[in-house]
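Have a look below at one chain only, the form predicted on its own, in structure tokens format.
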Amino acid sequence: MSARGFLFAFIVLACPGLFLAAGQETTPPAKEVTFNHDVSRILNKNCVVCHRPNDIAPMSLMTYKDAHPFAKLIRDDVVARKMPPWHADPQVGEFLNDPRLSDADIATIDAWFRTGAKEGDPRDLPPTPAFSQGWHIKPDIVLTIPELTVSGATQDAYEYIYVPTNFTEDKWVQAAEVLPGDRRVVHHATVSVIAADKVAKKEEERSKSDAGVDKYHYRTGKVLHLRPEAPVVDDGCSYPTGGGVPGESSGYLNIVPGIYLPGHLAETRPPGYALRVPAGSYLQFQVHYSNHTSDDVKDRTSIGLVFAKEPVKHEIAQYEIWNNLFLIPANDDNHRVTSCYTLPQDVIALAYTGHMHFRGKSMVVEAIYPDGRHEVIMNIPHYDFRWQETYFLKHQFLMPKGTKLVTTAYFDNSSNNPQNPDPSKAVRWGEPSNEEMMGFWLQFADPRLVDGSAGLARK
């Protein structure tokens, strides 16, 4: 995926919002509102996790001096419910990491701006939040790739780096965060658990430099594309594989402690749920580099792991479900693509992630249960590639074996889409961001209680 169009200006305010129309006035509190007494507390709780020095937001909001020049912008974006981006439909599901402000907090910020954005009594200022440098969690261990030089000519490259954990016993990971070594060149990174005896084969596969990878894919440089002659299947649910290439299922299982995407912060699982990292295993870092600095840049991307501090009841994994065969026509502003996958085992649903590129418009996922009941479990009515959340469920629930997951996505490949790299071109699956993807990731737990025996069924 290319970093083209990834604008940090998009995250000019990492404070959350609800759903008033832009410009709608709120009812201000009766008392005087100041930064030190009122607004700082709201920002500390909801915003400065990103709006602090050297983090993903473009400016700090940790002090009055920092925030005051942006008072109008803060007020406008809070009342308009723009930031931080929260793209899930509030009518579908309740989520642990929902960052939206209460009506009272929005009214307080509105009143602060309207009454002069006053600083207030310094004695009213709450303690400054303490953060670890660069991290949004406090890792128990940090694992880092060897230093890698990203050439100034690198626009799209996927690097696969294998880092030994050196764990002498199984470890249970409840929270994790992937921290780019240099955000200017790391577009995204996915860290997966891989057995030590599989590393050599993986490295051999990735070392092939020939353009022909398999019957349905080819490589240019270090990125994969779908061959033009591959079957065109927009409605994956009408196809035997559900949207996967012929002979391969639309869904597969992966063990993913953490990912880094634009707008994606640390992943913290509920108490009692954790990922198993077996003794002696490796972590596969898949890092997508896109360098627009024109200079050679050194990177050492890391993952921080927080181990479970209480007994683990359920083991976590992830199903990644795709349509890899679609074709989006040139100038099509509302192109429909579906995928289907039937769960091969009972699972406890924990979190959802939808993934598309710049032409992604919306995504809905419906569960069709074995008893015939239909339920929309995720709805992203306005997808934005520049800020990609994982939605952690407030209430985990059982999905029985045989549940069919139907994902329906729409793409805007027209000139009306300001992020569109080129509306004149038809688009198929590809790793670069100027091509497209259509995926739904279900993070889940095994309903069986952890008993220390062999881990989760790899189905």
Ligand code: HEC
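In this text, all values refer to a predicted model and were calculated from it rather than measured experimentally. Counting begins at 1, following the sequence as shown.
Another form exists, predicted in complex with the ligand; not displayed. Remarks below refer to it.
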* With the partner left out here, if you bring back the ligand in the model of the complex, are Gln155, Val185 and His188 all within 4.5 Å of it by some heavy atom? -> no
* Structure fact -> the ligand in the model of the complex has a heavy atom of only one listed residue within 4.5 Å, and of Ile74, Ile321, Leu275, Val287 that residue is Ile74
* So which of Met83, Leu325, Met378, Ile316 gets a non-hydrogen atom within 4.5 Å of the ligand in the model of the complex? -> Met83
* **Heavy atom contact within 4.5 Å of the ligand in the model of the complex, the stretch among 430-438, 399-407, 56-64, 416-424** => 56-64
* Asked: Taking heavy atoms only, is Tyr352 within 4.5 angstroms of the ligand in the model of the complex?
  -> no
* Asked: Does the ligand come within 4.5 Å of any heavy atom of Leu261 in the model of the complex?
  -> no
* Give a yes/no on whether Tyr239 approaches the ligand to within 4.5 Å in the model of the complex, heavy atoms considered. => no
* Asked: Going by a heavy atom distance of 4.5 Å, is Asn46 a contact of the ligand in the model of the complex?
  -> yes
* To do: Heavy atoms within 4.5 Å of the ligand in the model of the complex is the criterion; list the residues of 259-279 that meet it.
  => Leu265
